[in-house]
Ligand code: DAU
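Just the one chain here, laid out as structure tokens, in the form predicted alone.
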Amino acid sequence: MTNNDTNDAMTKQTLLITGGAGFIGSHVVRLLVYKYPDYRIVNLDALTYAGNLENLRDVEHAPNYVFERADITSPDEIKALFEKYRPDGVIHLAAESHVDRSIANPLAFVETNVMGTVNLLNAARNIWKDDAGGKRFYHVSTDEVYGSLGEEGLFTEETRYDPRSPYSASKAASDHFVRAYFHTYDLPVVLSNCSNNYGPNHFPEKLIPLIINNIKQDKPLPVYGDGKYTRDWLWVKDHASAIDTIFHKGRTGETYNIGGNNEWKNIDLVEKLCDIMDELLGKPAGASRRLITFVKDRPGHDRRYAIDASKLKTELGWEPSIKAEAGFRETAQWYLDNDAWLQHVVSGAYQQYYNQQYQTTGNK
């Protein structure tokens, strides 16, 4: 644990961020730590393969930041942390999120995404049972719960759920539990469903960092099926900004869709990344495109996702800040500038950071 000597009397409120060492979570934690110096930000993360404390080196000694290593699948650990910090708000991002991994091991996704969410809901309900005024449980979910779109149309907050993978089914179940606790127990909740994120600190098994890393190493660039699967890509810092907005301004019990207004077919995105990387690396135009390799399709692969985020814009005034090519270019440049971070992730060395920074000093 770090900086647990925060002066509670000076703390406006305590926010518990689950999965705060992950890709999206680390950007949310960083934003909140810097933007709200009078908040105490508690980062709860189990530090599984996708949790990386190196993502948060710049805030780890901030006076309003605390890290706790815990597993949301353990009711006892979660109960103890809620009693210790008595958070005023929860932003729940911790989740197993990779579709391919869910196909290989569905049960792990049920345990983390469903049971873990219910453990958090129970802990929040218990702590807030006497006074839920000003409290909020914010559940961050995915557009994949809506299923697949055809060539036209957009997911809205009213779209019927139709999950197609073990991952999206587990997230759909967790969404339903959050809403059930709102209706049954009057737990003050808010939800959001986002499109595909991209940006700095993304674990390199995901498409964009995978393509960037493989281009650097002159390795094949795998593209599923015919490459025409379409996704709406959301800049991760825009997502963090949207989460901040929804947490503070969203209406209790409501769901808000968060999108990037940035649809790309996979093959078009990969080709764009090839061109950007060729330019940044000083390669001849078209050099990286020769690495594109079509591979066997993923089972149950959803054809298209696209988000209608008009409710978020109309009600809360949020919209994405960055255009597609600028965001892709900035992402590619970040990975080139942070090769040590990438190599630590690829080699697994990043998992030693917790022991070096926390256990050696006697802190949790």
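Numbers for residues come from their place in the sequence shown, where the first is 1. The structure presented is a predicted model; accordingly, all values stated were derived computationally and were not measured.
As for the form predicted together with the ligand, it is not shown, yet the points below apply to it.
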property: In the predicted bound form, the residue from I127, L280, V99, I292 that sits within 4.5 Å of the ligand by heavy atoms; result: V99
property: Among the candidates P188, P106, P200, P222, the residue which, in the predicted bound form, approaches the ligand to within 4.5 Å (heavy atoms); result: P222
property: Region of this chain that lies against the ligand in the predicted bound form, out of 228 to 236, 281 to 289, 245 to 253, 156 to 164 [heavy atom, 4.5 Å]; result: 228 to 236
property: Partner proximity in the predicted bound form: C194 to the ligand, non-hydrogen atom cutoff 4.5 Å; result: yes
property: Non-hydrogen atom contact T142 with the ligand in the predicted bound form at 4.5 angstroms; result: yes
property: Touches the ligand in the predicted bound form: D218 (any heavy atom, 4.5 Å); result: no
property: 4.5 Å heavy atom contact, L207 and the ligand in the predicted bound form; result: yes
